[in-house]
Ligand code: NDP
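In structure tokens, the next block holds one chain alone, the form predicted on its own.
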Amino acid sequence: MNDFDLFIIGAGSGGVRAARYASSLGIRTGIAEGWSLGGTCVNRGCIPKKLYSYASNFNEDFEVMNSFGWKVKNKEFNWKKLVSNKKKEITRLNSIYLNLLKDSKVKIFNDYAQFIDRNTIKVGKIKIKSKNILIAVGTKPRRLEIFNNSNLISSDEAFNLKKLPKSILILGGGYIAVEFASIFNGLGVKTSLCIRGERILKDFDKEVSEFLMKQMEHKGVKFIFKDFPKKIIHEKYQYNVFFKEKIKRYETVMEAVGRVPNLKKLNPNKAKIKLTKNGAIKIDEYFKTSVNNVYAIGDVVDKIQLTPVAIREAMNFVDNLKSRVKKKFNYKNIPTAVFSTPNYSFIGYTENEARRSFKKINVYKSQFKSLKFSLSNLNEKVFIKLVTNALNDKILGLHYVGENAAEIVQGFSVAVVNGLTKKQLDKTIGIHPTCAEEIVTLRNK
């Protein structure tokens, strides 16, 4: 009963999709998950983060409402209610994932898996043999050794704090740090974000990330540049944070300095699976590891760490199992978003990447205050950047900062993926008055 054609380790978005699709094609499939079904995205990532982002935006929405004649009395936020309702929604999603796997005739093992050898896995006390094995265990928050004894929280714990702190220091400048800075700031917490360098989102478009940083500063987020704590001491009610020249005090300190492959319990060395320099699983162009019958997808392979990417990788992997002609996965032009306040979303090249890759480019920009904020004193602005290849007019990159950025860029991604040109955008009549119409009327280089 525990002999499979395909056994999947990790029931996150990629693992669940691979299991369901494989089973639907007649492949005897099993899956192991030691935590909750749905993985990082559902339980401690995308879903709760977006819910908390919505919650944080209402504070500013009340101010906008006043400019339109509305008055709200006794404005009050209940952190415990948000946490409780979030838990209910995640429990609902967990049950959906469970039913999807059951309906697909996938055998589920509710425990952590570890390798015994290249063909054998141990899940709890059960030994499992499988012709093919797929690793989809994802990542976990990176912890800095220097602060091991400082009792800092990570994104895992941030969603379930017993109470909302009055002040927080967030270490890191990546999208997780930026998103949580916006969330806590929007909920009324005195929020500081600390980075070693000069700007947040260092792998994103420089001009756009600098614009976003200024917008967040206008909203109250404080940034600490080129300075990082040497030591953090946790006392009963506060953290004493030792910077170069000052000691600052915060009620909570959060590490958001990246994520690392979640391999501690898996024992990949028992199957002689090779890892990359940063500890991710090394794969070829068809998701195969250094062991012929063992494959890996999702965040653990250190390609592009996004839920929709893991799902597409899963489909590609299963298709390759059933086909003689193998398909490579295309990692170009994948849209993404930072659910900061305001939102930032983009697809394609940054301006600097485009300049390095193409002989000549054109860059079109627009910056304006949206109609929604025109009656208020809020200074939030929209920023749009479109990058094109000057030789053939094809769109290379689209960057958008503003409300509903992800919803807007998702639609325009179809144009970029399919190689449309700036002239073809110009042929499109905009919907007025909207912020998105500016994308089809860009004229300023």
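Counting begins at 1, following the sequence as shown. Just so we're clear, the structure is a prediction, and the values are computed from it rather than from any experiment.
Another form exists, predicted in complex with the ligand; not displayed. Remarks below refer to it.
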Exercise: residue 322 in contact with the ligand in the model of the complex, heavy atom 4.5 Å: no
Tell me, yes or no, whether residue 306 is in contact with the ligand in the model of the complex, where a contact means a heavy atom of each within 4.5 Å. yes
Could you tell me if residue 258 has a non-hydrogen atom within 4.5 Å of the ligand in the model of the complex? yes
4.5 Å heavy atom contact, residue 244 to the ligand in the model of the complex: no
Does each of 172, 196 and 228 have at least one heavy atom within 4.5 Å of the ligand in the model of the complex? yes
Tell me, please, which stretch of 176 to 184, 71 to 79, 281 to 289, 213 to 221 lies within 4.5 angstroms of the ligand in the model of the complex when heavy atoms are compared? 176 to 184
326, 127, 202, 265: which sits within 4.5 Å of the ligand in the model of the complex by any heavy atom? 202
Answer key: of 93, 144, 83, 361, within 4.5 Å of the ligand in the model of the complex (heavy atoms) is 144
Across 40 to 75, the residues having a non-hydrogen atom within 4.5 Å of the ligand in the model of the complex turn out to be 49
